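Encoded as structure tokens, the following chain is the form predicted on its own, with no partner shown.
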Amino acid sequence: MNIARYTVVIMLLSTARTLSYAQLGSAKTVRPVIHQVPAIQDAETTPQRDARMHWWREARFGMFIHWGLYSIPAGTWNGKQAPGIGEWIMNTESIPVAQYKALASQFNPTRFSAHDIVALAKSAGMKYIIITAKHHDGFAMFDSKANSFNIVDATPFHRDPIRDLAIECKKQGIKLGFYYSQDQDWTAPGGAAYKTGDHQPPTFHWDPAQNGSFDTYLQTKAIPQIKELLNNYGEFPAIVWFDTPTSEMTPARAAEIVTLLNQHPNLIWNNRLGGGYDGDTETPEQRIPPQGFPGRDWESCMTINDTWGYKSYDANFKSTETLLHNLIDIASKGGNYLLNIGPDSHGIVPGPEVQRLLAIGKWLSVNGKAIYGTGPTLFGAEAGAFSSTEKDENGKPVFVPSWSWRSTTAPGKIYIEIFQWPSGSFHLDTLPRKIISAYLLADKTRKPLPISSSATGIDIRLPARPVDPMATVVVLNTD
């Protein structure tokens, strides 16, 4: 994942076209761009885009998997706990290329089970999986003929876990996507690197073995590996997830990758390719935007603890309640939640991560209708408000969230997800639709809840206790 914020520069045309996304609420004017090679997003009609994005907008919840050689040191190098996130240890500790590559001989994740991981995602209520096919360390977690630094050729494991995942995802009805670090590569000569620590410009490399031509890296490794990922796994990938473009990813270089992506007309890809391409999805990281991205598809990627790649001593796991509230909050703003797991070097998913995902899945098995395929809230103020006094580092008002309730919508339905159970009744003073009746989503009998109207709105009489203390869903039938 990215350590610093990045900026994508685009060139604007004089006229704009408007795209309307039914699942996202209000449409807005999309900034058109001039591209050397137009992307599929530049030419498709609104109905075509809606059809291509349909399954993704319905899904709402996906699994991110960060897994690679960095799971061996697990956050510790030369007896010292390294700062920062686990998958960046080569960079943060300035590990020489030869030493890092030597880790491959120790990587033998015999406890890895594609069946179990896909089953975990399915039990958690997740609809798609995205795995790190190659992270910034340059190690390919798939069978690559383009470069031998991969899990089949360089490790005693000699298996392609991505092929195993593709088989299992097809069997179990889960979509599969691939993360690929197209720009940063710390073990391939010429690969880019972000500035960290005392690494010096212009390359920010720390080992002469990293030096070389970026174009050579792009043409001999990155582009051939992207071709392999696009063509060697049957109906997958459904998604390609790029990351951390630097200034090396010029419009001309990005256009070469877009030429490959365009050959797969149903493919979804994100806004991190670089070179001025917006892709399909905004990707806020480790945060939930206060008001989402009206008119844009978006996905918050977040961790369960503090790291993406496995760190043996990171036990700062968020509570199930926090994770569930994040999912509901994101859905209420029209976005998807991409929640990460970090298997260890044996291929085992940490127990606390499994426990939390299963608990979320249990809630979704009862209340999934309030999440899957829903649109954003018709209210808005329930999410919180911008502070009138507190400013962020850019001098802008800080958003102060409120965690009493959220709302999602569907045709003829308003779902109210209540976090803090009120005494007696739930009040709504704004009625965006005519309310016909109400019931608890967990109540299979759909026993009507009494509703009383007044000049200040409506009150819905509730039971004394919530069905689920984390979040109980009230369904409002609307006209």
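The first residue of the sequence shown is number 1, and the count goes up from there. Computed from a prediction, not measured in an experiment: that's the story for all the values here.
The next section is about a form of this same protein that is not shown, the form predicted in complex with a small molecule.
- Look at 328-336, 109-117, 241-249, 146-154: in the predicted complex, residues with non-hydrogen atoms within 4.5 angstroms of the small molecule sit in 241-249.
- In the predicted complex, the small molecule sits within 4.5 Å of a heavy atom of Glu87.
- Among residues of the shown chain, Glu321 is not one whose heavy atoms approach the small molecule to within 4.5 Å in the predicted complex.
- The small molecule is not shown here, and in the predicted complex it never comes within 4.5 Å of any heavy atom of Lys127.
- Within 4.5 Å of some heavy atom of the small molecule in the predicted complex lies at least one heavy atom of Trp308.
- Exactly one listed residue, out of Ala166, Val97, Ala104, Cys301, brings a non-hydrogen atom to within 4.5 Å of the small molecule in the predicted complex: Cys301.
- Interface residue among Glu285, Glu228, Asp160, Glu282 relative to the small molecule in the predicted complex, by the heavy atom within 4.5 Å criterion: Glu285.
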